[in-house]
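Here we start with a single chain on its own, the form predicted on its own, put down as structure tokens.
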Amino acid sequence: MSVTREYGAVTREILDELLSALGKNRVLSDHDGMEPYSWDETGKNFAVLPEVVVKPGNTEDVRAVMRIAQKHRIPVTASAARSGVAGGAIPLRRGIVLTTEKMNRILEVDPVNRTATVEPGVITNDLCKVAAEKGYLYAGSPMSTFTSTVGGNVATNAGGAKGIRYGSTRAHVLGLEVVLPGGDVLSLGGKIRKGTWGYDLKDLVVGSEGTLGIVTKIVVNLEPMPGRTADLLVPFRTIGEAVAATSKILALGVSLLSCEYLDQPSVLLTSRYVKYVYPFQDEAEAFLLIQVEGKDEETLERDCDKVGNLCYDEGAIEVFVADNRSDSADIWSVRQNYAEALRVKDPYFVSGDVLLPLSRVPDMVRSIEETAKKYELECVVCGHIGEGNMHPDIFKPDQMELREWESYSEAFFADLIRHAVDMGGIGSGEHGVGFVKKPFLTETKGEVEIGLMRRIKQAFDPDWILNPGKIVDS
């Protein structure tokens, strides 16, 4: 049973404590300064204005903030790029927003241990670039590589196009420094890749969305750069053909780095935004974007032929192989700019995220179509289809008020999540739970499991001041 908790308010005295600890340039308390921190990509209609925003520059600053917050029972919501779409960065109980945007240093690239140590505010693409300059690949990057931070990726266990080969963020996090309420610091893991040394608290923190502690340092694994690669764009007349081809491509035994899915409406919309037209985009219902790796040119050509011939056998209209880096960038631009294109069309669009066994993806695609018709909504779909991770995105009807849209979109996704769970899936593969999906998490998990999650939260955060209202209630 949930407990209603009382939290302290940020008084003048508490504000002075924060100013003394951080300095005036690191504390915002005016409306205009705080407004951007009141919402994330879930939408401005969910905005909640914090009482104060703090910008720590290092671990000791974070410890000071957490001591003050614990002493006065002030809620603390961690924030960085605010690119999440489940409301994880929205300060539901107001209080303190702690943004890690100033903690944005790449502290070390260690070639011996193949690791990088970074602060949570590092933009993902900056880490990718530095790693590449040193001859390595940071493979834990999501599709939002230019806008997301590494700390945000850790918070939601974000995935991306290369997840089919390398896994999501958790697979790449080797170590974490975490500040708890009261200012205690945990050092979890390190530059090691295995271990049986007690409960793995590091993996528990990854994906906890700032509800267990404030991450202040991250040690990530670096992969060797892949060999030669080729990008294939494959249009199909029907969605069913594209999904059927995917399962057979995965069984071919070739080295795949990516296998992405875009339906026709999403391609038509995004191609206008990036000003690059996919071939057959007026005829094809679905597109696969496939990246193949080969140790040498001969192997790459052979494996591309295998994938291409299989796609033809499964009904592909054509198989286009990018001949150079420019063509590859153009092909990928449609997938990489997908979210931005949707936002230009409708700033109130709502993004979904369901994860299914691959065998049930065709059923899920049909369920998305049927549910969109039931709710009379315009819907586009993309996804990391090789992992069974599909992203249905819906647009607000022109005449619908924002308050009604909030509940209407929640009802739509509630139906989809229930369908996903019935098919052996879950309600989020990478976007997280936040508060948007919290009711469905509680609904679809047993009371024993929810009870264990509450007790874990209690152990880390006894006063429930960290990101209250997210994932589970007290």
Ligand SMILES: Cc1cc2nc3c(=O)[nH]c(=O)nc-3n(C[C@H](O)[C@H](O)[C@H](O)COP(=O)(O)OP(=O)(O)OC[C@H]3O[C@@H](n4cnc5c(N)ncnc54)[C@H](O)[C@@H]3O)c2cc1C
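In this text the structure is predicted, and so the values were computed from the model without any measurement. A residue's number is simply how far along the shown sequence it sits, counting from 1.
From this point on, the text means the form predicted in complex with the named molecule, which you will not see here.
Interface residue among 392, 163, 88, 235, judged by heavy atoms within 4.5 Å of the named molecule in the model of the complex: 88. Only one of 82, 202, 396, 172 comes within 4.5 Å of the named molecule in the model of the complex through a heavy atom, and that residue is 82. For the three residues 120, 143 and 151, a heavy atom within 4.5 Å of the named molecule turns up in the model of the complex in every case. By the criterion of a heavy atom within 4.5 Å, residue 346 is excluded from the residues contacting the named molecule in the model of the complex.
Contact annotation: residue 222 falls outside 4.5 Å of the named molecule in the model of the complex, judged by heavy atom distances. Contact check for residue 340: a non-hydrogen atom falls within 4.5 Å of the named molecule in the model of the complex.
Contact annotation: residue 270 falls outside 4.5 Å of the named molecule in the model of the complex, judged by heavy atom distances. Across the options 143-151, 262-270, 368-376, 192-200, residues that bring heavy atoms within 4.5 Å of the named molecule in the model of the complex belong to 143-151. Of the residues in 206-243, those that come within 4.5 Å of the named molecule in the model of the complex through at least one heavy atom are, in sequence order, 209, 210, 213, 214, 215.
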